[in-house]
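Next up: just one chain, as structure tokens, the form predicted alone.
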């Protein structure tokens, strides 16, 4: 383990640690600033908690201003690591370039974006992509479940979902409506997925969407809808995300570390730790671990970024 070896060697050189996080001179101090996607936040939170077991004096605040809001901060040099539930956009690349911010894209886990309904919803067991588009497309006037399918009851449809700064919003609208950022606007948006949980759980006719981990955390309050992307109804799950059968709402999740930030030892060792432990982090945060091809690309991305940082 490259990171573990680095940490052990550093501690040994200074007489080791007393085990309570107050070891010798090799102990790291400082802050690693993370912001961005609320979907990716549980991954970075778990990574920070595990890392702090070894380096207790490193502070690692994890913000959730959304993928778009996070990139604004990251490309202004205000944060060290960007959490993102979609790839960086061209305009964001330009913003980073204008400030001299260099980075690499690290896919650290996979997700199954989950459509959820109220626990008492007995009719919407499976929805097709076409039905989801009918609900969510720009200008949609669908406001009752029987407008989605005449077999469904006359139950008012109340919609909750990601805010426009969210990568989840970008991804969902692209896959369901056919164009990123295009959506009806008369729903309750939020960058905080817990708001969507509360909204759907509090309305019998509620429907919303967010990352799979948030559903697993709230499975006692909500139901996950199966999605038919053309090959039949498939429920979101770890296996379905890994084997590609949950279409079209499976996706990779990313972090973007700054090359300049890697010049600071606390950031370098945290990012190395994140990459080394990505499978454990994904499992603990209830996401889908990378496949072997993704793992190899992640390690190459780290090597490239370290080269840019002169490490």
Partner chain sequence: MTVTVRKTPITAALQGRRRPLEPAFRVVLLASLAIAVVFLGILLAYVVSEGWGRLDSRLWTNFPSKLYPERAGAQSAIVGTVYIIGLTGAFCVPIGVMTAIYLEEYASREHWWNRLIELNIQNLAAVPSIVYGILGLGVLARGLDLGRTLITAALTLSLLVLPVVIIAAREAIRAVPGSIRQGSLALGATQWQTIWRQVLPAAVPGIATGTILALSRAIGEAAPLLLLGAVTHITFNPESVTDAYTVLPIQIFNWIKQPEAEFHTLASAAIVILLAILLLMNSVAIWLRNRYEKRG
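Numbering follows the first chain given and starts at 1. Keep in mind the model is a prediction, meaning the values are calculated, not measured.
This protein has a second form, the form predicted together with its partner chain, left out of what is shown; the following refers to that one.
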task = Counting only non-hydrogen atoms, choose the one of 252-260, 270-278, 60-68, 238-246 that falls within 4.5 Å of its partner chain in the model of the complex.
result = 60-68
ask   = With the cut-off set at 4.5 Å between non-hydrogen atoms, does residue 192 touch its partner chain in the model of the complex?
value = yes
key: Proximity of residue 214 to its partner chain in the model of the complex, heavy atoms at 4.5 Å   = yes
ask   = At the 4.5 Å heavy atom threshold, is residue 286 in contact with its partner chain in the model of the complex?
value = yes
message = Given that its partner chain is not shown alongside this chain, does residue 72 nevertheless sit within 4.5 Å of it in the model of the complex, heavy atom to heavy atom?
response = yes
request  = Heavy atom within 4.5 Å of its partner chain in the model of the complex: which of 149, 78, 130, 174 fits that? Just give me the one.
outcome  = 78
ask   = Mind listing which residues of 42-64 have a heavy atom within 4.5 Å of its partner chain in the model of the complex?
value = 42, 45, 46, 48, 49, 50, 52, 53, 59, 60, 61, 62, 63, 64
